Structure formats: structure tokens, C-alpha cells
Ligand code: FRU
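Here we start with a single chain on its own, the form predicted on its own, put down as C-alpha cells.
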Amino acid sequence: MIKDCMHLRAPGNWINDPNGFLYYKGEYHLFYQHFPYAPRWGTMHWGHAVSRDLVHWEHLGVALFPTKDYDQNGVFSGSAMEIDGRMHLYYSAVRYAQPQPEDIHLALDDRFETSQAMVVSEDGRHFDNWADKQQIIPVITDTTLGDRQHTRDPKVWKEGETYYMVLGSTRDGARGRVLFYRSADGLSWTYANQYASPELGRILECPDLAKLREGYLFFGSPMGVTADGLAYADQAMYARADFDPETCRMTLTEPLSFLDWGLDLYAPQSTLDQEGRRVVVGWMRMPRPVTDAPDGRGSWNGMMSLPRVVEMREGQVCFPVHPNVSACFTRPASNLSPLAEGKPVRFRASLREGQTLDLGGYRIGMREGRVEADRSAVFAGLQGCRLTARSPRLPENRCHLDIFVDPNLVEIFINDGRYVLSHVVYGLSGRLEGSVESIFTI
């Protein structure tokens, strides 16, 4: 089996959204949207990987794939829960009105319908796609409740003795909304409430309502929020929220913010780690596949971010890198040379107003109190993509950076995760320019 260190990558061909993120029976399980036939989007399956530490991942192959009339065109995104010792996987099941004649992996005129389904596994490693699937929420036909086509991505959790599910949806494809369902056993579900807002874009995808010690945090991926003509108009965002479990009434108590200021990350999903910390990962979108992988996985497209802990500090939500990641970087390095062997590099640096770093052609600087990043030199030939990004303004004219670099991804943690800025890259060189405090590899 193919293994990954640090960033979980496509084991070949395509991955997108993280699914079923769960600590179960001593292992972290991370499923993902997977098209196993080409490095492009197509009929969705669930790939499956496991890890003991959120750092070293082993791919286990395809866990879920279409077998039923209601999911014949895709096993779309969802989540996982442990109930009575068994792993329950919840997913969106897609059926096309008609496939495209020349490409059956796409819907003709984008017409399809979506329902919600589940699979139960005794051990979290074996899944019977023929015998153990069941449809738990049929296609919604009442437009006051949800959308027949665009209601998807069930995220399930438990509070007290009740199970809850949140789904992303839309009103007429113009205004995003989230739907809440509840269940006494995780099997039979009843509609409870919904929340709609212009902030949720035209369609809301991949909702996640996480309960923290300080209250609730809402994650979602509203579509069309940065419609400026550049790639990726759909973005991962978050906001603190009030939620009443009795009525399933939710309100956002602050404006939505970008989860990652590089604007490549999408469809985040959270879980609790072994120590009870809330951890989130997201899909790093790649505009073209990597075709020169030296490890035998062939052409691949898509990878996951590093795991980030969700913390409240001084009343602000922060996303520092998970401590298991930091603990792996113990070997001193002098430059970017470990990248040539496929090993990641960690830089720690302090940056003042006007200073810059150049990491193999990827430039990081501080201007007008903001951290700015420019990938123009390591993103050649890709049209219509954002080449620069910057953080919100910082309270001081200096900041601390914790930077993790691998051949196709740079993740910058600003002031211990107060903000994170991540970029997919292609073709980093070996040079290093600028002052850094330390350099380590694994």
C-alpha cells in the first residue's frame, strides 16, 4: 500500500473533500472523495487512509463505491460516527437524470438528484457496499425544506442522548442554507430546522458545527463568494455560532472569515483527536496534476492540509498546527535540499515590516502590517489562478512564522495559527534567501 508522511495525497488520480474524519479504535480514519480512473473529477468513490498520529498515513484503497440505484452516479461527501462500537458512515448519494453521452461520469445539463445514505462497519476497515447501505433521507421534494439537487454533505455528531445532522443546501440555487436533522439512534432521522443567510453563498457545501468549550464554531464552504473571474470562487469559511440543541436553531454571532487566507483550501472537516482536541483538515485544490511522482503512484491530483488544532485565544479563533506535526521535525537542515528526496522542510522565522523571504521561488513578505505571499515564480503557465495572497492586518509590525514546505504545498502559520496562509506550488527550486531562525526536516 502507498504511504504518505505529513500531507495525505491522492494515491493516484484524483481526490477532493475529506470525509469521515474520525478517531476510532486507536486509529485516525480519513476518507476522501476519490475518482480512481483519472487525475480529474468524476464519479465519486470514498478512498480510505489510516494513521496512528495524523502524520504518517497508510492508504487502504477504495472503501465506498456506487452500487445502488440511488447512488449509482456518486458516493458524495459525508462524515463518520462511532455508535455502539461500530463505525457509521453517512454520505450523499447522487443519481443523474441522464449522464453525458460522451462522458458518463458527468451529468447531462448538470441535472441530478441527491439523497442521504449510510453504511455500517463492524471494524472500520471492511465495508459491504451491496448489503449494508441504506437510504436514510430520501430526495427532498418540498422546496421549503431543501433542494432536490443541491442538498448534501451530512456531518453527524452527538450531544447528550441525541444525534444531530447538518446538511448544506440552497434556496433556488441563489442563497445558501443549512438543514438540521435529529435522531435517537443515528439511523432514523427527522427534519428539525434550517438556517439561511446571504453569507452562505449561492449554495452551501460541507457544513460542520463543532462544539468547543467556549461555544459552537460553524465551518462551511459557500459557493460563489469570491466571484472575481479567478479560479476558486467557492471558499472555506468559519464563524462562531449560537446553537440550541432543543430547537436546532442556529445563528452566526460574527461574520464569516476565511479559514485559510491562501484561498486554495476547501471543504474542511473536523473531529476530536485522541486527547479530545478539535482538529480540522481541508482539501488543497490543485489546478493541474503532478505527473512526475517518484513513488509509483503515477499522475495524481489533490492533497490534504496539515491537521490544525482549533483554539480560542484572547477571544479569537486560532488554527495552530497539530503538535504531532511539530514533533516530527527533529533533523537540522540548511536549505531546501530535503525536498529533492520528497521530505518536507520546516522553517521558523520572524518577519518585520518590509522584510522578505524567498523559499525556492516562493516569496513571503510583510507590508502594511500584513503577511503577503507570491507564488508567481512557482506557478508558471497556469492561467486564471490567484498568484498572490495576504493575511488580515496584524496588530504589530512584526510576526512569527512557522512554515511547512513540501514539493507541492507551502503552509504558513502566522503567530501560532492566528492566521494560516497556504498555497499549492509547482517547481520549487533549492535556493533560500532571507533570514530564518531554524530549519528542520523529518
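We number the residues from 1 along the sequence you see. This one's a predicted model, so the numbers in the text were calculated from it and none came from an experiment.
One more form of this protein exists, namely the form predicted together with the ligand; it is left out here, but the text below deals with it.
Student: Name the single residue among A63, L30, M44, L409 that comes within 4.5 Å of the ligand in the predicted bound form, judging by heavy atoms.
Tutor: That would be M44.
Student: Exactly one of F180, W189, Y238, Y266 has a non-hydrogen atom within 4.5 Å of the ligand in the predicted bound form; which residue is it?
Tutor: That would be Y266.
Student: Thinking of the ligand in the predicted bound form, which stretch from 152-160, 296-304, 121-129, 335-343 has heavy atoms inside 4.5 Å of it?
Tutor: Flagged stretch: 152-160.
Student: Do heavy atoms from each of L22, S79 and S270 fall within 4.5 Å of the ligand in the predicted bound form?
Tutor: The answer is no; none of L22, S79 and S270 reaches the ligand.
Student: Could you confirm whether D260 comes within 4.5 Å of the ligand in the predicted bound form, counting heavy atoms only?
Tutor: No, D260 is distant from the partner.
Student: With heavy atoms only and a cut-off of 4.5 Å, decide whether D71 touches the ligand in the predicted bound form.
Tutor: Answer no; every heavy atom of D71 is more than 4.5 Å from the ligand in the predicted bound form.
Student: Closest heavy atom of F219 to the ligand in the predicted bound form, within 4.5 Å or not?
Tutor: It does not: once the ligand is placed as it appears in the predicted bound form, F219 has no heavy atom within 4.5 Å of it.
Student: Residue-level contact is defined here as any heavy atom of the residue lying within 4.5 Å of the ligand in the predicted bound form; does F319 satisfy this criterion?
Tutor: Flag for F319 set to no.
Student: Scan 279-314 and note down the residues that get a heavy atom within 4.5 Å of the ligand in the predicted bound form; none is a fine answer too.
Tutor: Only W283 sits within 4.5 Å of the partner.
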